[in-house]
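Before any questions on how it binds or moves, here is one chain, the form predicted alone, in structure tokens.
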């Protein structure tokens, strides 16, 4: 089976559920999430049986790649979307209050929260396979437009509407920069296919200024999606104001897809000595500033979702450091680990938010006494995010730092190590609230079977990848970041 059918199946599932929504009883909207998650699980299974050689050579293959990196990131997008849909099921009472307000008789309005993630998932899968800048732009817009609606979906809450407006305005600005940057690259090379750029750009000596300017504009646009300094300003407010499942989706799946695209786009330009001499210092400054701002900004946060927002910024700095190290296997491992530990944290936030009614750190006071299993899960997640040994987060951070050392980026390593050490304080501030602070209520905090199963899987993934990282590395090892077909390499013309 050709890999491009995977996205067609996801889009078909989303359109089917969108039309079927009219026939589901208002109280049974949770069924839509279950059908969506089950359909995505089937698509995930198909990842292991697709044949990359079956791509139609004249229509799909020039714009679409099914290399190991693309398939790996498709899997990440599918897994993240499945967990987000399950998280939405548990979060449904809060969604209904945020959408319908005090109108308790009206039970509808939540189905879009389960359907739009399917469209976003398809867009992320296309982003992972896009080998043409125009196709990349269209895929990215499908993701972005879906998130515009999802972020502002709790229309009865001012915070959600404010987050939606900020995300819309800054997202439109980044889209403009992306299109303008692609225009400059095309004007300088006459190409939009990444495989051709990978062959032509490293040897170019003409139009260097235009190419550098275009690459900087595209970098700025993608830095917005990843959450890199100074294009990070939207993250804390949007993460806090958006519904928790949407925040989790933004933090993991959207970031992962944008990192892959950023690495693929930058690779040809970093292979050109003249452009790399200008681009690498800029990337180094952005990475160091992102690490410092994310970790230092998290120190004073008392809202759990804002703390996770600054944590996301800090991890974006590590990811860019990994891209500079040019070992994308390590970056991919880091992202796989990040998906597990971050989704586990957001499941815990969702459970406490639904039970206590707020998501500041004081809501977690005494959680170890109210639900020891949930507290253990959050301890594992916080430890992995901080980089404690024998967790997936430690392997990811250590690998990225060693890659930077091998590449000779000692000044960045000198910034990254203290910044990572700062993370121990604010991550273990969560542990202090759970184990040492007196709870407001001694009643046991209930956790449903669905959340219990999801938390168990995510916690197991975080620990297993910490003990046996090769399990994930084998999926993508030794694969080039930009696949270059033989025909392209032989026939690409340099303007």
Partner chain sequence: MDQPPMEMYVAGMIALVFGAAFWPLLARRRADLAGWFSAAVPAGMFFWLLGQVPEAGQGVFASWSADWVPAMGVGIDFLLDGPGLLLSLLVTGIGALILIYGGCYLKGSPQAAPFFCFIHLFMLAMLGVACSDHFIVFFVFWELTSVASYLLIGLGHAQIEARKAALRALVVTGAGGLALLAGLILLGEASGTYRFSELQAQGGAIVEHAKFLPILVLVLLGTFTKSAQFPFHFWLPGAMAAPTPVSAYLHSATMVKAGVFLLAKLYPVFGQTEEWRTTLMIFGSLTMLLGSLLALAQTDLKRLLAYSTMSALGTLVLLLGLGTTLAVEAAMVFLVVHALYKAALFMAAGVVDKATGTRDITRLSGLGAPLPLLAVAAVLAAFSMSGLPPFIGFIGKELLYEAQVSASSYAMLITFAGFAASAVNVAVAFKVGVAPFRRRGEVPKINPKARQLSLLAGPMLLALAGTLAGLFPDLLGRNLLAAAVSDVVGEPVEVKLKLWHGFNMVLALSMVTVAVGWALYAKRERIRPLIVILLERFPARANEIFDAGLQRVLARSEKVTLAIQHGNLRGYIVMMLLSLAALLFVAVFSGGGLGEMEAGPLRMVPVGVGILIMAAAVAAVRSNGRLSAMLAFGVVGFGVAMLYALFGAPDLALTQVLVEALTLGLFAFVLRRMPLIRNHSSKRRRRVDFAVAAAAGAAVTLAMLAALGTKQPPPVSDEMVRMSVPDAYGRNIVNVILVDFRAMDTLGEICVLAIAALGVAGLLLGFGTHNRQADVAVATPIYRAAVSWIVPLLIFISVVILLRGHNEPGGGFIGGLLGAAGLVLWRLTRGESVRRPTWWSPLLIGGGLAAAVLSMVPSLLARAPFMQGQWFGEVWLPLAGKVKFGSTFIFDVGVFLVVVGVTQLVLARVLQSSEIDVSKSLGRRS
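Residue numbers count along the first chain shown, from 1. Please read these numbers as outputs of a predicted model, since none were measured by experiment.
Below, we turn to the form predicted together with the partner chain, even though it does not appear here.
The partner chain in the predicted complex is approached by residue 437, whose closest heavy atom lies within 4.5 angstroms of it.
None of the heavy atoms of residue 348 is located within 4.5 Å of the partner chain in the predicted complex. Put simply, residue 181 is far from the partner chain in the predicted complex: not one heavy atom of it is within 4.5 Å. Among residues of the shown chain, residue 39 is not one whose heavy atoms approach the partner chain to within 4.5 Å in the predicted complex. Contact with the partner chain in the predicted complex, defined as a heavy atom within 4.5 Å, holds for exactly one of 199, 82, 217, 71, namely 217. This chain is displayed alone, yet in the predicted complex one of 233, 355, 271, 362 has a heavy atom within 4.5 Å of the partner chain; that residue is 233.
Picking from 259 to 267, 290 to 298, 335 to 343, 246 to 254 the stretch near the partner chain in the predicted complex, with a 4.5 Å limit on heavy atoms, gives 290 to 298. Residues of 392 to 425 that come within 4.5 Å of the partner chain in the predicted complex, judged by any heavy atom, are 394, 395, 398, 399, 401, 402, 405, 406, 410, 417, 420, 421, 424, 425 in sequence order.
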